[in-house]
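Below, in structure tokens: the form predicted alone, a single chain.
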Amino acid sequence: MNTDALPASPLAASGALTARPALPEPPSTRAADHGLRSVTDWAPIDAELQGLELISAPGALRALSRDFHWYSPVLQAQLADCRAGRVVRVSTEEDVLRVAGVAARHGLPLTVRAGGTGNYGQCVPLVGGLVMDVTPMMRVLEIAPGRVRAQAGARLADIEAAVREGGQALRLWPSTWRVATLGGFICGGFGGIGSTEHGVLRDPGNLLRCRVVTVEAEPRVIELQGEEIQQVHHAYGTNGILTEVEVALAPATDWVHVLVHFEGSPSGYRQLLDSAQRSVCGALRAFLMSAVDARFAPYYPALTGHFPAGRHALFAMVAPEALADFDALVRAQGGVLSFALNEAALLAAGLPPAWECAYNHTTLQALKADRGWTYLQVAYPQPFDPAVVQRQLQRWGDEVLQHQEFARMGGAPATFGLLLVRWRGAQRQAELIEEIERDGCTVFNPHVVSIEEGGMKTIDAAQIAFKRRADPHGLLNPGKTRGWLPGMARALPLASDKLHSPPSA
């Protein structure tokens, strides 16, 4: 989930509904509009990259220029023709330094990709150029008490398996963690599974250190620690290439995966939300707390008999010692415990883990069955008022299916929504956004590709300042940040001006 703030929107604060375009103007896919020139002659670039795995087959280029932006009908149309001219796979930091130098010397747009599980088109090359695939950089480099260091392309599930051998566990991971990589999570993610206990990625103590390669004729390595990592966190790879990341670990817990169902009326959903909120606000240890309304039941065929039709569902991962208290809490709100199993027992029974029924995995389950859905991301003002969701549930009927995630951010409870929305065109989507914001919520629009419009809501001056250091020629993932204008790019020290001619400011 790519939200970075929880305040109510100015629109909601004013109570006014103002005219707005159906969707913001998308970034240009013309290289010249970003101060770059399209590559027409790949021969010298191919020669300089000789010895690395270089991909030029059209089908492979198309596949490696994609991510999960197809969740959005808008992005699916906007990005349909965006693809790399070449893909290069790298295995070491030395490979990355080499590729970065080639890109800088040729004025070559460069987009970094890993698992490709993002939903905003983070790794789709808007203006072509070179895509660098870092998934071969998969080594876990060091495990120590309370921390793990790995290459940026290491899959989170593999890291978890490695640290579990010593009785430790990752604090946070996305629902796509079997495919998602550490570097991709840091560059494109926000929170996820584990945020109920450990907060979001940007909270102190979660991100410890990273190495960043610059894109210059003579690339450098910059090491960032602690709070400095916010300069590249959730920057979509626009201002440096992560090669190594060190994150904090927690003692391993054999979490109990729980499914609780509630009466399927709006008041029943209110009881469910009250249960989740009280769990997160209290002392009860939970790793996940995810609520979905009854209409999601058909999208979970593996839970037939456990997620009854017409009943709302709460998925949770709770500590074994907290299970009795959690059971008592939900029963007091009218909840019925369907099952409570650790992951080993769950898998033996052929049931999905709770984390596969949460965050955007929930959206994916619905889209597998019906591509007429899309989604919106919402942050609710705190303290969370479940009555807001109850009213929305009644207001929109079958057009919007409710789904809330309960987490912590900045040490305080935080509530987010990933609402499943029936796609009825961009204008209707804009109207829904207006209505949600009038309810005092903030919408993080998943139908845009820029950092600011999708999540940050404002230009991050520190990230743009770091881009001046790490990507002075403006070559990394062009078009994904509104804070960088072509006139900011430093002129390239090229022998000729065939490939790059940045306009004046």
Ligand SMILES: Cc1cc2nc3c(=O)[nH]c(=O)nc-3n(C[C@H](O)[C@H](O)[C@H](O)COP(=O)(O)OP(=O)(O)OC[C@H]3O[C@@H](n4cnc5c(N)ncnc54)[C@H](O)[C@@H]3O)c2cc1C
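Throughout, we count residues from 1 along the sequence that is shown. Since the model is a prediction, treat every value here as computed from it, not as a measurement.
In what follows, reference is made to the form predicted in complex with this ligand, a form of this protein that is not presented.
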In the predicted bound form, do Val112, Cys123 and Tyr359 all put a heavy atom within 4.5 Å of this ligand? yes
Using a 4.5 Å heavy atom cut-off, which residue among Phe190, Phe307, Phe296, Phe315 comes into contact with this ligand in the predicted bound form? Phe190
Taking this ligand in the predicted bound form as the reference, which of Leu341, Leu364, Ala248, Leu97 has a non-hydrogen atom within 4.5 Å? Leu364
Since the chain is shown here on its own, which stretch among 262-270, 236-244, 79-87, 326-334 would lie within 4.5 Å of this ligand in the predicted bound form, judged by heavy atoms? 236-244
Using 4.5 Å between non-hydrogen atoms, is Tyr71 touching this ligand in the predicted bound form? yes
Would Thr214 count as touching this ligand in the predicted bound form under a 4.5 Å heavy atom rule? no
Does this ligand come within 4.5 Å of any heavy atom of Gly118 in the predicted bound form? yes
4.5 angstroms heavy atom contact with this ligand in the predicted bound form for Gln429: no
Residues within stretch 174-194 having a non-hydrogen atom within 4.5 Å of this ligand in the predicted bound form: Pro174, Ser175, Thr176, Ala180, Thr181, Gly183, Gly184, Phe185, Cys187, Gly188, Gly189, Phe190, Gly191, Gly192
